[in-house]
Structures are given as C-alpha cells and as structure tokens.
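Shown next as structure tokens: one chain only, the form predicted on its own.
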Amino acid sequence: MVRSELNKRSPLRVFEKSIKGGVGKGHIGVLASKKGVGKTACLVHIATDKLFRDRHVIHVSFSQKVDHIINWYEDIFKEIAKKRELEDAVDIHDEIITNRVIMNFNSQGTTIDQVLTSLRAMISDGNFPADSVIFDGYDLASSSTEDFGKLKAFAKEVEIEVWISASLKGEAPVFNDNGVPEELENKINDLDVLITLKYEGDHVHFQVIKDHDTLEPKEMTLKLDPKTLLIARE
C-alpha cells in the first residue's frame, strides 16, 4: 500500500471524525484510564499517524528513561507497515522520524514552567514547527488549575494540538453521571476532548466523554488491539 492510501484508510480518520475532526490546534485532548490499559500505545499511534501525514510531533515523556518510548514508536511503525503492506517502509521510516522529537523530564521536581520553556525553545529557537505535543506520564490529576491554565494558554499561543495521558486511581476508577473521572472533574470545563479507555473482552474500547462543547458520553466504533498495540475499527 502506498503512503497516501494508508493515510486515507487509517482508523485514525474514524477517530478524528468521532471528535468533530480532531482536537485541533490550540486545544487539549485527554486519554484517561487506569494504569496498564494502553494510553501510551494510543498516544504513539496518534503521533505516528501524524508523522505519516508530514506533521511534526514533540513527545514529552515524564518517565525516567525514553528507551521504551522509542521502542513503542518502532513497534507500532512495524505493525502498521506489516498490516498495511506499506511500500518502501524503510525509506518512509527514515523520513518521518526526522519530524519527531522526544523530550524527557523528571516527574519529580520539574515545573510546568520549565517544561513549557523547553518546548518554546524547541519550537521557536530550534525552528521545529511542531503541530502536536504529546504529554505522556504527566500527573494531570494532581496538577493545579493554574498549571493547567498555563498549558492551555501555551497551546493557544503557539497553535499546537496537545494530547495528555491521565492515569486514574485504583482498579475501579470512579466516574460521575456524565462519565467524567473523579480526578478530572475540576478540569473538565477547560478540557476540549476527553476520551476514556477500558477493557471489554479481549480489547480496549474507547468512549468519548467530552467532544469540544458537547458533554455526552458516546462509544467510538474503534478498539485497541493489545497484541498489535494498534487502534482498529470494530
């Protein structure tokens, strides 16, 4: 399959249509679930899809090492290339990774101001025209409303789309009547998109909780295959 056809047939087109065309520049989307469900895999698949479309992505990791993040990208690219029988896969791989930057921060002691200063330096001073920023491992639930406001203002200022993974507490997270996780209730008005993930049978399923100005839970016609780590149509 050629790259243009792969982009057209990607399940991420369905993902985008499910949230009114996507998160959009200047806005923030959140993937929320308990730990170990597949948030990082989803973020990397979303980022890889953008790379296939010549977008520029900064992946901000708050884990101690970035080796596993690089491995996620490699594994997901290989699965896409194999599943879709991608032509010239090696050349495409070498081309798209030049549009990706991985930044690593210590989750303890690093302020949002330090993170945003580094991002601004990369985008402006480093001449890296980022379209999207992935926040992986950021403790969104514990972040202050002031810090979240700074992130939202930054997204609008530099006109980027931001995706954040949010880990929910315990084996049985608590949700309100609208499907909003208890930990994110104080931020729901400022989030543009909120999607929750949960295991149902052998796959992880997606539910859109907030879609820009609409707060009304709805199921996505997509699933995450835990074997391939890919988002796929039902």
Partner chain sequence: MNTDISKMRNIGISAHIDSGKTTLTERILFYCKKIHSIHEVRGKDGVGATMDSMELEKERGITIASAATSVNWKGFDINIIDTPGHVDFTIEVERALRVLDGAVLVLCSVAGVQSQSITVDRQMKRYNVPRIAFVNKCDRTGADPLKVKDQLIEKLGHNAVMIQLPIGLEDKHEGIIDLVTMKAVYFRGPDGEDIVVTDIPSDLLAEAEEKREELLDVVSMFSDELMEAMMEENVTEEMIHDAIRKGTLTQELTPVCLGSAYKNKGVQSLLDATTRYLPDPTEVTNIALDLDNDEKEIILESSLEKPNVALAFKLEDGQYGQLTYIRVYQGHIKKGSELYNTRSRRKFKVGRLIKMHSDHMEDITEAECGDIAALFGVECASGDTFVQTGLNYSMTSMFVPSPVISLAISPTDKKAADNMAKALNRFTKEDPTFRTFVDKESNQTIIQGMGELHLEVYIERMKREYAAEVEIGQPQVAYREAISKVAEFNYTHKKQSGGSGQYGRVAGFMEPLSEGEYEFVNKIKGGSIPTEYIPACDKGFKSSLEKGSLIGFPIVGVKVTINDGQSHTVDSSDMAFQLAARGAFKEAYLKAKPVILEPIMKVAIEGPTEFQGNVFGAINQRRGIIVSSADEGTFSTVDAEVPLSEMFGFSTTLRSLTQGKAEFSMEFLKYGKVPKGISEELIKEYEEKRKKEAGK
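Positions refer to the first chain, counted from 1. The structure displayed is predicted, hence computed values, not measured ones.
A second form of this protein, the form predicted together with its partner chain, is not displayed here; the remarks below concern that form.
Taking the partner from the other structure, its partner chain in the predicted complex has no heavy atom within 4.5 Å of any heavy atom of residue 141. Taking non-hydrogen atoms only, residue 35 never approaches its partner chain to within 4.5 angstroms in the predicted complex. Contact check for residue 121: a heavy atom falls within 4.5 Å of its partner chain in the predicted complex. Using a 4.5 angstroms limit between non-hydrogen atoms, residue 65 touches its partner chain in the predicted complex. The stretch among 98-106, 130-138, 80-88, 145-153 whose residues place heavy atoms within 4.5 Å of its partner chain in the predicted complex is 98-106.
No residues of 1-33 lie near its partner chain in the predicted complex, the criterion being any heavy atom within 4.5 Å.
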